[in-house]
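A single chain, nothing else alongside it, follows as structure tokens in the form predicted alone.
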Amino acid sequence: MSIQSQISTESHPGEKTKKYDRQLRLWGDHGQSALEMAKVCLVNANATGTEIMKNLILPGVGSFTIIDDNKVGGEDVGNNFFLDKDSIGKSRAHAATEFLLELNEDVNGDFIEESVDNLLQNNPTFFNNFTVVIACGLTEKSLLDLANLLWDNDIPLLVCRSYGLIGYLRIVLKEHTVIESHPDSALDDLRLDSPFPGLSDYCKNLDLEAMSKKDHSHTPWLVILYKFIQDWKRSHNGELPKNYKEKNQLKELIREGIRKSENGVPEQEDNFDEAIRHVNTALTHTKVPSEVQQIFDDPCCRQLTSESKPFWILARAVQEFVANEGSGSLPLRGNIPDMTADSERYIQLQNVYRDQSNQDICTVTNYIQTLLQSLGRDEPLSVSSEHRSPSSSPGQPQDNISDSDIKLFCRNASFLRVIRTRSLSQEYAASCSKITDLASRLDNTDEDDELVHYIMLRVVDRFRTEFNRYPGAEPDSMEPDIAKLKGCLCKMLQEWGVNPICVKDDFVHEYCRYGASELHSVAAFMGGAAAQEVIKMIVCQFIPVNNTFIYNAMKQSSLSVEL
């Protein structure tokens, strides 16, 4: 059944920009467009699930569907802010959908009062329409059945749960490509170690000695550094400064270039100070990052087919550029940092970099045309009016590669990433090599390592499978359940080849006390963390967790681990 917000109206573009201003600064209008086109499926509207949806609805996800056959009970009202006492006895999917839609009139939502097991059996293609599926509160068997179906159809899955004071998040992605990874500390692409002709010509036409005092103190530091590097190379057989000592010598040369007053006192020239400060970073050798080289060496890049995703066609075109016109370098990014300079020369220098960047983009575009023709996809490149990513997620339209796609790809070529996680079936296999690694880590780490909580969550799922309930979830069941849970733990660890003594009895007692309860504070924290990862997958920006995140609310600590 579909429910639309009663106050849903077509928002004015200016109003929408103002409404989403903060997030537009993070992922841009093309990221926002991808978010607004996304279709999200939530399995089970428990406290954790609704907290995740809250954090997706507020930034404007396109639509969502809740699958849940449960009725609202007293425990739901106690820990779920999107249910109230009047909801008791009603469909949890229906009640949660109504409350969630009040958060944002731009979002559409619907619900299905059916178990995920019935859908998997009677209508498995139902999930093919979603950009991403979020699973909460599923049994191990149901989760594996759902995960296998989504894996086969290349649909991202996020598993999230809150169990007492422990939070767990698992991302399942067959392949996820990222163009805008937004690294925290990226160096500017200035090419001072191997200047392109346009930069050389521009800098040669500026004579520092002939400049007036004003022009001398407002020459961009990039030009100053270029000129002194050339002076250095002429006296060092064309070699750049290689070590700390030589770079300090270059700094002294630049310092000597500062003009002096009649009394021999150095003038205050901030641009020269900036040039000195940037010696170490600006002289970084221009090369293809190892992560990008791995993408170039990937079979998906080397062996294109007519079914290849736009990301891999773009990557192959950039690889061809690097091997030929780029002479081992990626396309120039085309932007320069802020610096002390007069507006005229700063803009001129900026245009020098932009012109070279546009020239590189044109070269890559020609390679793309050639590749498309060789693949039998000789449709013309389109200038798309929509903002979308060429690494679009499943469920999003795959249009022609547009000029804006090529420009975005070339200017972020240094930050490309490909994430491939393991499937849940691989993780859960007893013969899995990661289990051996896990066993080794448990034998050589602190007993309170968050990894122990992963073991305990797997154990309570096994308990649920054997006894059709979670340990400690029923009145007066805690004491007998402690022995049963410990038995499940010993059996599982023996299967993995792990010494059961690695897990203290305190953990067994603690998980029985939890009784599979969801605390709202933990659910809210995990809801925020999970929604952030879902947005990363939808907008194809930033790097998602690979692949498991465990949160310990008792210690306020967390762990990211690949399982």
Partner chain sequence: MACDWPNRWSHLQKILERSGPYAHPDFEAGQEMLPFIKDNIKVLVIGAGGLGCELLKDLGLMGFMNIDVIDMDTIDLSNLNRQFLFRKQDVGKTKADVAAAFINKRIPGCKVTPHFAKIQDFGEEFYRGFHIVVCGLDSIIARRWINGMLVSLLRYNDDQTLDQSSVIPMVDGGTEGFKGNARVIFPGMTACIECTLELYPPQVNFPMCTIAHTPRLPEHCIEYVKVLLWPQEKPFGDDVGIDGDDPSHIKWIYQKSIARADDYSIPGVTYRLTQGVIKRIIPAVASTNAIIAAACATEVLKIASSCCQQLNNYVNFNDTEGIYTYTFEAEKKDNCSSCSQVPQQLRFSEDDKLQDVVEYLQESAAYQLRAPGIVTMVNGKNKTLYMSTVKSIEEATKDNLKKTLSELGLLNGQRIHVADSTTPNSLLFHLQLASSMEKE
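Numbering follows the first chain given and starts at 1. None of these values were measured; they are calculated from a predicted model. Only the largest set of C-alpha atoms that superpose within 1.5 Å between the two forms is called the rigid core.
Another form, the form predicted in complex with the partner chain, is not on view; read the next lines as being about it.
Between 37-45, 62-70, 490-498, 531-539, the stretch whose residues reach within 4.5 angstroms of the partner chain in the predicted bound form through a non-hydrogen atom is 531-539.
The putative spot formed by 114, 124 and 463 is not touched by the partner chain in the predicted bound form; no residue has a non-hydrogen atom within 4.5 angstroms of it. Of the heavy atoms in residue 422, none are within 4.5 Å of the partner chain in the predicted bound form. Using a 4.5 angstroms threshold between heavy atoms, residue 58 counts as touching the partner chain in the predicted bound form.
Contact annotation: residue 517 falls within 4.5 Å of the partner chain in the predicted bound form, judged by heavy atom distances. Contact annotation for residue 78: at least one heavy atom lies within 4.5 Å of the partner chain in the predicted bound form. Checked against the partner chain in the predicted bound form, the residues 260, 85, 234, 245 give one hit for a heavy atom within 4.5 Å, which is 85. Using a 4.5 Å cut-off on any heavy atom, the residues of 18-40 that reach the partner chain in the predicted bound form are, in sequence order, 18, 19, 20, 21, 22, 23, 24, 25, 26, 27, 29. Core-aligned CA deviation for residue 503 between the shown form and the other one: 2 Å or greater. Once the rigid core is overlaid between the shown form and the other one, residue 513 counts among the residues whose Cα shifts by 2 Å or more.
With the core superposed, residue 469 shows a C-alpha displacement of at least 2 Å between the shown form and the other one.
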